[in-house]
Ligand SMILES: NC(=O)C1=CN([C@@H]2O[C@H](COP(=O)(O)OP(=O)(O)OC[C@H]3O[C@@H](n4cnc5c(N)ncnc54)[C@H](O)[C@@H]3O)[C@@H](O)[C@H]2O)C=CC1
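Below, in structure tokens: the form predicted on its own, a single chain.
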């Protein structure tokens, strides 16, 4: 049940086939009701009689044995019944009802849960991940039934090195860590932000085949500045203002030291930290621990893949990316992360310095265009501030509408967290773009924070655009039977592969080169005819195949940079001699896949 699965490539396709092959046994140290109460090992009514006898389960279950396939069908029937019964209800009500039924299965039987999730990933990802996870975090204290993951708070200072050993798994490969300070576009949700690491790790399991016994969601509770939560009698976190400065960093330092002391080969993904701490912690730890920040680097990689795909959609060579005029709306961790990676790509393609490569990028925050004339400019945004000589007559603080009309950008990219900021006038101005196929990326999450809807983009900017969003939107029906394709430019296309490729490479650090390799592989994944029709990203149904390709690209980059030390029985030497095809097959073989394994009790 909980082995590091080795599954053929055919099993990565969305499938309802159930293998008859008997997997290897799993050694457990529990008996009787303790097994039934442990979702890692529970098979519900699927325990065969021989197993019931040797594990002390006789009489604790109804007598009939129900097969894995029957259990699967029974759950899906319940889910479809729920859909039918909630038809016409408010979207939030329906989404939370779907999340609850999936969460109950997750709490009871993880093997069945992950099989259901993998086989129905397109339907269920929006429930366990974006956008429903934001709604779950907002209501977490009221929804709480069973703890999942670990909670380290400011009250635990000095105790984390011992606390980390309270986690029952002997080995952890992936940790997703948040401090709850900037949950999606919803702001400071304190301890309720734990829903984000839980959802992210579900995607690591479903998309990358991480063994769910070897992943760990973590909340660092350093308080909250959300007064509404502090006054909420149901709030489960610390009732104190957020720690700041060295007090804050000392908590994060202590956790990182504890985690890597126990699991030195683990990978930590930082998630939804407010901008100042996102950049501070990334610079503080990236050369000391194997870690990355998904908001800064994962978002940047997906955006870069989309930007490169836009050049392909115009029928131009990728080297022309250096000539694209790009307006980035939002100077938070995501926007600045995108800018940094895009500028690095332009510098690499053009041979220019990174300073020179910023020429065609325009950064906007809540106060308008950021130029060198601005006082008290954020240090993280300073490298991208425009010289007034390079703004074609635009002033400091120029509005988005002014900029689009004057610059006529090839790409309008939103990571502002401000819903509707790409209003009708801005979108209509994009009709005058210097590009034959301009791109509009409304990437903020959740859905209500998207800079514009897909329907408005195609209505006002014209039918000949490329559109991408962070949250899911339906394709748009255009005139003459044409379809306006919606690309979900979501980090789920990259972070699972970054994690898996890094794990299997045995690298101790995640470099810019590894991240760029991931983005470029995603950008080249689609066929030319698909890209020219405005389809930049593949269907999520293919997520395991995509992850295998991205993971292999990350692994090869680690090998090229002499960072790969190998994983398990495969050493650095073997990795160096793998062909590109061999690498993809190696990554695929190491994806865990949910099946019931025979359980054997050992004292």
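Small disclaimer: the values here were computed from a predicted structure and weren't measured. Positions refer to the first chain, counted from 1.
What follows is about the form predicted together with this ligand, which we do not show.
Enquirer: Taking 182, 331 and 334 together, does each of them reach this ligand in the model of the complex with some heavy atom inside 4.5 Å?
Expert: Yes: 182, 331 and 334 each sit within 4.5 Å of this ligand in the model of the complex.
Enquirer: Of 275, 531, 219, 426, which one comes within 4.5 Å of this ligand in the model of the complex, counting heavy atoms only?
Expert: The option sitting close enough to the partner is 275.
Enquirer: Within 4.5 Å of this ligand in the model of the complex, heavy atoms considered, which of 505, 224, 491, 178?
Expert: By the 4.5 Å criterion, the partner-contacting residue is 491.
Enquirer: Does any heavy atom of residue 415 come within 4.5 Å of a heavy atom of this ligand in the model of the complex?
Expert: Yes - in the model of the complex, heavy atoms of residue 415 and this ligand come within 4.5 Å of each other.
Enquirer: Evaluate residue 470 for contact with this ligand in the model of the complex, applying a 4.5 angstroms cut-off between non-hydrogen atoms, and reply yes or no.
Expert: Yes, residue 470 lies within 4.5 Å of this ligand in the model of the complex.
Enquirer: Should residue 445 be classed as touching this ligand in the model of the complex when contacts are defined as heavy atoms within 4.5 Å?
Expert: Judged by the heavy-atom cut-off of 4.5 Å, residue 445 is in contact with this ligand in the model of the complex.
Enquirer: Would residue 192 sit within 4.5 Å of this ligand in the model of the complex, counting heavy atoms only?
Expert: Answer no; every heavy atom of residue 192 is more than 4.5 Å from this ligand in the model of the complex.
Enquirer: Counting only non-hydrogen atoms, choose the one of 391-399, 363-371, 452-460, 475-483 that falls within 4.5 Å of this ligand in the model of the complex.
Expert: Selected range: 363-371.
Enquirer: Listed by sequence position, which residues of 267-300 have a non-hydrogen atom within 4.5 angstroms of this ligand in the model of the complex?
Expert: Heavy-atom contacts within 4.5 Å come from 275, 295, 299.
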